[in-house]
Each structure stands twice: as C-alpha cells, then as structure tokens.
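Here's a solo chain for you in structure tokens, the form predicted alone.
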Amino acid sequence: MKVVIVGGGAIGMMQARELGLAGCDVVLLERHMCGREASWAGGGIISPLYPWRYSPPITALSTWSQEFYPNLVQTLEAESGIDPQLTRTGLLVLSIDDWERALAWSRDHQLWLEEMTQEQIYQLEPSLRLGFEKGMYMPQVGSIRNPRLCQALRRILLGLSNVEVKENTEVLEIHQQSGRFEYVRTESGNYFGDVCIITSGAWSGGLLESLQVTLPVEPVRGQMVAFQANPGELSRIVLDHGKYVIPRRDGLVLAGSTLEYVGFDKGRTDEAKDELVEIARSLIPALAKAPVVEHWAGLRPGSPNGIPYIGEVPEVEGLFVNAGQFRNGLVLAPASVNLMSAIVMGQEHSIDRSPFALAGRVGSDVGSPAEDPVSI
C-alpha cells in the first residue's frame, strides 16, 4: 500500500513510522520542519487536564496511550539513540470544584486518583506555597520531553528505507477523481498514493476546503514560559485553576498555558508572559529566584468538545483525517495513530471508532466552534 501523509507533527510522524513498519510505502509531507509546531510547543503531560471532565471517547484514547507510552518510549530510544525522557512524576491537582465527580470517574474507570490531605500535599511537593488544604494525586501520570520525542521520531523515519520524508513541502491541493483520492499537489510535484492521511493539526481544515469539505478544526493559541531552576526544586506536575507547572530532569520548569482564539497568530504577548510568570511564582515561590529563559507560543488543533476526527472523509474514498486532538495531542497520539492504522488497513481495534468518525461531523453545515471541556 502506498500512503501519503500530510503533516509532520508527532501524530504524522508516529503514523508514518507505524505504517512503514507494517510494510507500507510512505511519503510524509511537511510544509516546514517536522515536529516544530504544536507537538514541539506543548507541555508534554501524558494525561488530559482534569481528565474526569472529558467524555468517554477521550478517556478511552488517553487510557490506551498511557498504558502504551512506556514501551513506546523505550522502543523509540532504542531505534533512534535519543531518549524522549518520559518522567513519571505524578500529577497533583489542587482547587477542585467537582470533587465527587472526580472520585466517581476514578471508580468507574478503575483509574487511580488519591485524595490528599494538607499534610500529604506538602509531603509530596514541599515547594508549594502554603494554604492548600486538600487535593488529588494521580501517581501514574508523567510527562514527556516533546521536542526530544519529535527528534527521535524524525531520526527513525529518516532511517526507514520505505519512508520518504519531504520537509519544506507545502501541500497546495488534495485531488480526487470520481469520489476517490488520487494525489496531493505541491509546488515540487504531485504525490500519488492508494490512501492519504491528513495529520496537519490546526491546518487540517484548510487542506480539505478545495474538496468542499468543512472540517471544524481551528487554531487555538497557547503561550508558555520556562524557568531555569535547580534540578529537584519541583518534583511533581502541579495543576491549579487550569494552569500548571511541569518539572524537567535538568531543572527546567515549564509553566502554562493560555487558551486564545486568535486565528493563525503565533505571536507572543507580554501580558500572557507576565500572567504565567506571576501564577507560576505564586504557586511555587522558589521560582522567584529562577530566571525566565524561554517564552513561546503554539497553535492547538481545536475541535468541538475536544473530540478528534479519526477516519475516512465521507464521499472521498481513500482520504483520511487524524486531527483535532486539541490540548491532548501528545497524550492521545499513540492511540489515535494505532486506531487510524487499523481503519486504513481494515483491521479491528479495541477502541470504538464511531465517536471519532467524520460522517455527520463534517460538511457544509457543520461549523461549531472548538470548545475546551475543561473551561466549560
């Protein structure tokens, strides 16, 4: 099978690797450099924020991915020589309004969520400011160093003889003939295949416009900052009022993030930077002595209710989409990719694919704005 994949983020690269290892001939087209958009810009938390507020389809994907990630990371390191640094620090959640809902979700899905007293909170994370009386802790949650993950995936793809990576190659049009995908047109030529998979994140909807297909995926800007602290200064991922801090092994501490509907604008603002710095230093007072070393922005692929599109485009045989993971691109990536591979290759999968299907969710009359369940 010849597969053309459009979009070289984490999902696109994972998709190319998985289908390449399955024996497909793959061409991966990326308009800039692989792994330099939302996949690079995120925090890398391997869990949805406030996971009990998401719908069952998201829980199914995230649970599958969380179980799969440790083996995946070990395999990627062995294949590439690059350690993606999956670090299981646990996720400490504070200031929870829907306490009983969280506990019910934990019981229903048999996922560990531990109630924490004030004493237990400060035993877990002594660097926290004083005043928190209770919280919840998810010890199985970790974070991945997403730029390193993307570097590992890219190096692996460049070493696969049946995978061709074409960077700085912008797709101009998806062409179909008699209701079937035919080729992808770029400035450097046309790329034919048996199937095409769109994995272009926030840009996925625009690629389908020439086919008169409306895919309600829109860019949602997120800004983040990074502090250079001492290693071990922060030991847990901490989430409070929708904002979080994430420790890295070398002492880097990430703080994020904003949620801005400003179109395809990746500009950084002083207002967002100041807000994130103030929140992070209020949460972790020791960061007052740590310099801010980075400030950046990325564009998430927003989708209604955060449910991604994973499946075939209606009325265009051989054209598929794997996009719209919103704030959860990295945590949902392995499951999304594995499900997409099963769909393309006509195989069964343990995850119900129907909630992610495009039928009934795309078309000229479908245009609901992207909604983040966490903020509703």
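Predicted, not measured: the structure shown is a model, and the values here were computed from it. One-based numbering along the sequence shown.
Although it is not shown, the form predicted together with a small molecule is what the next lines describe.
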property: Whether 85, 147 and 247 all lie within 4.5 angstroms of the small molecule in the model of the complex by heavy atom; result: no
property: Contact segment among 217-225, 94-102, 77-85, 132-140, judged by heavy atoms lying within 4.5 Å of the small molecule in the model of the complex; result: 217-225
property: Among the candidates 171, 195, 213, 73, the residue which, in the model of the complex, approaches the small molecule to within 4.5 Å (heavy atoms); result: 171
property: Residue contact check: residue 43 to the small molecule in the model of the complex, 4.5 Å heavy atom; result: yes
property: Distance check, residue 200 to the small molecule in the model of the complex, heavy atom within 4.5 Å; result: yes
property: Distance check, residue 287 to the small molecule in the model of the complex, heavy atom within 4.5 Å; result: no
property: is_contact(residue 10, the small molecule) in the model of the complex, heavy atom dist at most 4.5 Å; result: yes
